[in-house]
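Shown next as structure tokens: one chain only, the form predicted alone.
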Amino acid sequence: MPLEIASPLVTPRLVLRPVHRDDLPDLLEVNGDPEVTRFLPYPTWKTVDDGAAWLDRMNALASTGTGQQLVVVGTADGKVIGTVLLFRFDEGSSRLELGYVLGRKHWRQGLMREALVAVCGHAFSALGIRRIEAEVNPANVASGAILRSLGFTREGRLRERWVSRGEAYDTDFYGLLASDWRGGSPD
């Protein structure tokens, strides 16, 4: 069974749905900000063509059935303000990995946490996922804090795990089990 979220996930302030080519101008605002892309494994976008190349990679990933790129849309204005990627889906182990990004002017408002509560809840219930994983650069303090607030456990540090922009960096490895999921509440 391929990984697919077919219908939008709706929260009080957001809609999460599969990415479309029409989303690229809004996503250029997000991924064109070097502060936003500082911890991402791809370069800061300079043009919509950079976004088109990224979208082609996301569509190729989706075609394998092992991943799906969602956009985070603000319900107040219908603008795409970020993304959530579900990838490295392993059907036999009921496991997937999570990645996310949010435009800088939307930071510190609880929006990404709200989006991730919806995605994790859907993954554990409707998709039957047993385990969700995430890797975070230890310097990305906000990302680690969001994951811990959702109940993810920091399971270790992988030294010099990735190379991005010519530099090797460590990653903190996080995991969340369906049996530990409390709907995003700390208890």
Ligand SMILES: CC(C)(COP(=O)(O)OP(=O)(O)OC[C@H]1O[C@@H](n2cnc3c(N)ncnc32)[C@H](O)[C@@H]1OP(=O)(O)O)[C@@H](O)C(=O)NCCC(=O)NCCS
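These numbers come from a predicted model, not from an experiment. Residue numbers run from 1 along the displayed sequence.
Keep in mind that the form predicted together with the named molecule is missing from the display, and what follows is about it.
- Contact with the named molecule in the predicted complex, judged as any non-hydrogen atom within 4.5 angstroms, is confined among 31-39, 60-68, 156-164, 117-125 to 31-39.
- Site residues 93, 177 and 181 are none of them in contact with the named molecule in the predicted complex, judged by any heavy atom within 4.5 Å.
- Using a 4.5 Å cutoff between non-hydrogen atoms, residue 135 counts as a contact of the named molecule in the predicted complex.
- When contacts are judged by a 4.5 Å heavy atom cut-off, residue 146 counts as touching the named molecule in the predicted complex.
- Residue 107 belongs to the set of residues with a heavy atom inside 4.5 Å of the named molecule in the predicted complex.
- Contact annotation for residue 89: none of its heavy atoms lies within 4.5 Å of the named molecule in the predicted complex.
- If you take 97-120 and check each residue for a heavy atom within 4.5 Å of the named molecule in the predicted complex, you get 100, 101, 102, 106, 107, 108, 109, 110, 111, 112, 113, in sequence order.
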